[in-house]
Ligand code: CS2
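First, one chain by itself in structure tokens, the form predicted alone.
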Amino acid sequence: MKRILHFGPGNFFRAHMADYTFDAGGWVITGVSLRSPNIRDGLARQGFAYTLVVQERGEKRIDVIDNILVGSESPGGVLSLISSDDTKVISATVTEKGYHLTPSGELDVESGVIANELKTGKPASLIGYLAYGLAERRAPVTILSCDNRTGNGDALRKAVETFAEFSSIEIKCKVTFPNAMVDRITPATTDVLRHETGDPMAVPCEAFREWVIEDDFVSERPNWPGVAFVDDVAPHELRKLRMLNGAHSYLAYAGTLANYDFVHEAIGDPKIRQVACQIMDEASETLPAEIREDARRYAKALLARFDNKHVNHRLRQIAMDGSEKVQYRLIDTFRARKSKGLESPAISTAILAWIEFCTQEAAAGRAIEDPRGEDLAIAASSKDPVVAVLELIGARDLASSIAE
């Protein structure tokens, strides 16, 4: 069996990459949970197999994971697998905050976990593990980001190279970081689903799935069925981030403010639906010409997915980590339109909905679930929350335009 080492064995990975790899056959995946043993412990009790509940298609037993290591318990074991010739692909779904980048896209070497790794020489983040592990590796390897971040492979490569430079690590093996776009709506597991399936580790997802990967593998890869290997992922990535994820974020904030719980409830509100559609229209006008022609069909398909009452995707799940997500899902779209002299009323509404969400969370005394939650609460509680919050994410220059 050939091995994939995957960082972040959460629900999305188990509904997406693990599902594709199971269908490909001939490969096993060893997971890495950086800190918490909960997923490892839950899956270990059932031999690391779990039930994937695919809406409209039924249950599917996935048994492609052979083990999960917890970094905080076994850092040496993780480093050993990174350097092992048996590991052909190293992949990651650690969410946007797992890259530890500043608003300008640089590795944050002066604070948090990265600063501590550089000081102690002990890995704790995806970036640190990759840099230290690759320093001991000699065989070629492909590192595949599966997170919703613009140029995710490029961002990961740059972060690892920066970490290596600051820690005087020399990486000698040949390594590539292809960009990729992933898509499959994966709600959080509920107690009802656990009871219905008899599986405490069951994962729900929609039937739709998509994966577009830059064809830049320097090592063996699985024969993933249905994956599109392309020269340039950027058009597909922009379409998804700006149309799907941009509308999703707006639904999360506006829907929560309107006291809805799920995506299908928020999109069922006529006023919210209208703005969500306008966001897709505004976003589509920023896409490359070769993919813009298909934007209308894509938007229609997105609405059908959002309307799906069988996929109970909680708004608060999407609302998490806004300081990381809003930049790529909304701010970049706003800047792209501004550079063309276009106004962005719907995108502005979405950004303001995020700021209002933060303001109301702070006013209610609830912790904002965000890596910069405390700073956001302070900024959102200031006399001019629009300016303060946008300044926090490096977008102060847009404050007057967005607030118009």
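Just so you know, these numbers come straight off a predicted model, no measurement behind them. Just count from 1 along the sequence shown to find any residue number.
Separately, the form predicted in complex with the ligand exists; it is not shown, and the next lines address it.
I'd like to know if V326 sits close to the ligand in the predicted complex, meaning any non-hydrogen atom pair within 4.5 angstroms.
No.
Going by a heavy atom distance of 4.5 Å, is R149 a contact of the ligand in the predicted complex?
Heavy-atom contact with the ligand at 4.5 Å: absent for R149.
Spell out, yes or no, whether the shortest heavy atom distance between R184 and the ligand in the predicted complex is within 4.5 Å.
Judged by the heavy-atom cut-off of 4.5 Å, R184 is in contact with the ligand in the predicted complex.
Please determine whether N245 contacts the ligand in the predicted complex, using a 4.5 Å cut-off between heavy atoms.
N245: contacts the ligand in the predicted complex.
So if I measure heavy atom distances to the ligand in the predicted complex, which of the stretches 157-165, 226-234, 103-111, 184-192 falls within 4.5 Å?
Selected range: 184-192.
Is it the case that K240, H313 and Q317 all touch the ligand in the predicted complex, with a non-hydrogen atom of each within 4.5 angstroms?
Yes, all three are in contact.
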